[in-house]
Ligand code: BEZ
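Below sits a lone chain in structure tokens, taken as the form predicted alone.
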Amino acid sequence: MAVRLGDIAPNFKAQTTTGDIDFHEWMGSDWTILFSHPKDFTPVCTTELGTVAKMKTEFDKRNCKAIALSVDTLKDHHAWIKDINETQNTTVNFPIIADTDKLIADLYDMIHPNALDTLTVRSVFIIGPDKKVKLTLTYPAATGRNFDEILRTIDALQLTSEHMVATPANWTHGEDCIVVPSLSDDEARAKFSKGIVVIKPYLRTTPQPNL
């Protein structure tokens, strides 16, 4: 059964390249990105894990942990990490789960038989400190993920979870936000000290409130 937005992220225990974990305990009170890979020693996955390693400081700024998964063995993961570090000029600095029995892949519906019979597709789950799934993305095996976009969505999720705003198309950190419809104009003016712009009764903007 698919994991849907708002669901509690299923907990699990697993072996990883940094030791055994209980997923919920490992998350603690941080945001988390859980992302799966079709197979070790593959070209697209190698670039993706190298990219995440290089972006660790950006994830840290957002109190967000990264953890990867594939259905290969822990031994293969450790050997692959050496290749990733060498070819991507980085150091892998987050755990990779060894899901050889595919229990976690099945738990999170990461195997899509019409795409790949036995391997995980490129699934992404962004999970909040409340352990609820905030965003899901699914890419086919041949398409590498855009981790700049994933960072952007974390920014938007964190902003909208704390303030009564939404983010417009292509929004990036620092740009104006949309006032949620549940606030009246008077309530919005009282709440947002930087003011609001009424474009249409249903479309109102305000400068990003947490800057």
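The shown structure was predicted, so the numbers you read here are calculated from the model rather than taken from an experiment. Each residue number is its position in the shown sequence, starting from 1.
FYI, the form predicted in complex with the named molecule isn't displayed, but the following is about it.
> Spell out, yes or no, whether the shortest heavy atom distance between Pro43 and the named molecule in the model of the complex is within 4.5 Å.
Contact check for Pro43: yes, within 4.5 Å of the named molecule in the model of the complex.
> Is Ala141 near the named molecule? Define near as a heavy atom within 4.5 Å, in the model of the complex.
Yes - in the model of the complex, heavy atoms of Ala141 and the named molecule come within 4.5 Å of each other.
> Within a 4.5 Å heavy atom cut-off, is His77 in contact with the named molecule in the model of the complex?
Contact with the named molecule, no.
> Would you check, heavy atoms only and a 4.5 Å threshold, whether Pro38 touches the named molecule in the model of the complex?
Pro38 belongs to the contact set for the named molecule.
> When the named molecule is placed as it is in the model of the complex, which of 58-66, 153-161, 179-187, 43-51 ends up with heavy atoms within 4.5 Å of it?
Among the listed stretches, the partner-contacting one is 43-51.
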